[in-house]
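Single chain ahead, written as structure tokens, the form predicted on its own.
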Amino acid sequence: MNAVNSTAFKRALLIAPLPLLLALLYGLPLAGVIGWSVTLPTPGLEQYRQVVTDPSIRDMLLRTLRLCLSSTVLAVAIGYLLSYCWVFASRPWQRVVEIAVFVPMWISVLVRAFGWLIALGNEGILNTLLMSVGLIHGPVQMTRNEFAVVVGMVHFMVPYAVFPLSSSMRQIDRRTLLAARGLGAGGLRTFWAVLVPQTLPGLLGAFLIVFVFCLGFFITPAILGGGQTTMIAEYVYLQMFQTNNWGLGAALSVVLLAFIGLMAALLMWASRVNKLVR
């Protein structure tokens, strides 16, 4: 009994520095940001009142939510198709998916953003292709707008949607799919009635991961949006390092963190993560 207690005590002693380290690395900086939001430039809740009442900030927050939601839906939909091919397709197609997923992750986000800026430009590949087949008679403005930002964000986020979705699909008992087909269900009905419900935890997990990442996007909207589609991360940077308004930047950071925490709690509750762990 003493030996068991001694072993447990040693394990606790080894683990103890971890929460202390996390508190130092995350807790103290977070407390500092919260402190700035209620003390700069003057003590009070003025910065939070401005976040709620300022029309330009409200428009920026709505734009951020709109871009993040549309990018998340597209990235998860594309990720679902890629995951399906990765898990259920033949070996050569699985290799193609692996290349499509892993290679973009090795390329810098800055390089990818500039690549899309060139591809979507007035003399870029897409405009040239559309004019060559006669669909358009002149270049279409595809950069410095929300379309370009969504394209860049979706391209970056698809791999992060593939991993939780493919993991969820690999846990499915394939005999249930065969049983559905054996009972007369077509391919589409098997997909909606059998495959999608069993991958719902993976879908919600992918949605949460991609959406939270999208909320923090900074470089891609700045390059592809050209200052016309400012999102919350870029707005916080401008407030803190361009206009020296640290109090408002800190208040926006706290609001963003609270929103992400609420979303994470709701989605974890909806996906019943605790039941999956058991």
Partner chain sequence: MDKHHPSDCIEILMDRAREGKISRRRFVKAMGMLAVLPAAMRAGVGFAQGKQLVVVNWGGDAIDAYRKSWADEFSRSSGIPVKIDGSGPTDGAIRAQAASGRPSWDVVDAEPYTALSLGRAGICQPLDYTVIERNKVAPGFAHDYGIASYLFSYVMAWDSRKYGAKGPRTWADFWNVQAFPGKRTLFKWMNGMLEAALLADGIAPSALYPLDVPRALRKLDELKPHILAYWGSGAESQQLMVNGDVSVGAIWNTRAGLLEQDSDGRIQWGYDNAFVTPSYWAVLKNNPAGAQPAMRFIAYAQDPKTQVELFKLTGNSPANPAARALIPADLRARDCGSPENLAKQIRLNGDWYADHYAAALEQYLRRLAK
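Just so it is clear, the model here is predicted, and its values are computed rather than measured. Numbering follows the first chain given and starts at 1.
Only in words, not in the display: the form predicted together with the partner chain, which the text now covers.
- By the criterion of a heavy atom within 4.5 Å, residue 43 is excluded from the residues contacting the partner chain in the predicted bound form.
- For residue 222, a non-hydrogen atom is located within 4.5 Å of the partner chain in the predicted bound form, even though that partner is not displayed.
- In the predicted bound form, residue 230 approaches the partner chain with a heavy atom inside 4.5 Å.
- Taking non-hydrogen atoms only, residue 64 never approaches the partner chain to within 4.5 angstroms in the predicted bound form.
- The stretch among 139 to 147, 199 to 207, 98 to 106, 177 to 185 whose residues place heavy atoms within 4.5 Å of the partner chain in the predicted bound form is 139 to 147.
- None of 88, 160, 114, 191 but one reaches within 4.5 angstroms of the partner chain in the predicted bound form through a heavy atom, and that residue is 114.
- Residues 50, 54, 56, 57, 63 are the members of 30 to 67 with a non-hydrogen atom no more than 4.5 angstroms from the partner chain in the predicted bound form.
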